[in-house]
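Next up: just one chain, as structure tokens, the form predicted alone.
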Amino acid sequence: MSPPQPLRTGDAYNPDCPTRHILDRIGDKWAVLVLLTLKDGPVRFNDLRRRIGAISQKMLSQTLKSLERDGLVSRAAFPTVPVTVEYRLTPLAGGLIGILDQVTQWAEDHVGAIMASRRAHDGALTDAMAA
């Protein structure tokens, strides 16, 4: 039996690179929205679902489990009836929030230009299909 191979990082274009797996996680739209929702403090499951909107209970549960597995979110259950569960960011996620805030600000700053580009592109496609 051969010894385990060391993790190869630094090649995010390689599907086996751990960096790529992390980028896949933090690039997921639901993960981004969950992380940004938790940036101001702990939030209960149903509050998360209400704040995010248009996310199913199953998808939110899967996203939270994945973020918890990656060490970005922690889960705390309290012995109430029914059980109260809160989610919060871990210190590891702290550095990521600033980056996600910047990406969100960029999106907000450029939404007009992007929407105009989409309209132009879609109009060109419609014109081409009509011809």
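Remember, it's a predicted structure, so these values are computed and weren't measured experimentally. From 1 onward, residues are counted along the sequence shown.
One more form of this protein should be noted, the form predicted together with the DNA, which is absent from this view; the next part is about it.
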Which is the contacting stretch out of 32-40, 58-66, 88-96, 101-109, given heavy atoms within 4.5 Å of the DNA in the predicted complex?
58-66
Quick one: is R51 in contact with the DNA in the predicted complex, heavy atoms, 4.5 Å cut-off?
no
Can you tell me if P79 lies within 4.5 angstroms of the DNA in the predicted complex, counting non-hydrogen atoms only?
no
Between 23-51 and the DNA in the predicted complex, list the residues on our side with a heavy atom within 4.5 Å.
W30, R44, F45, N46
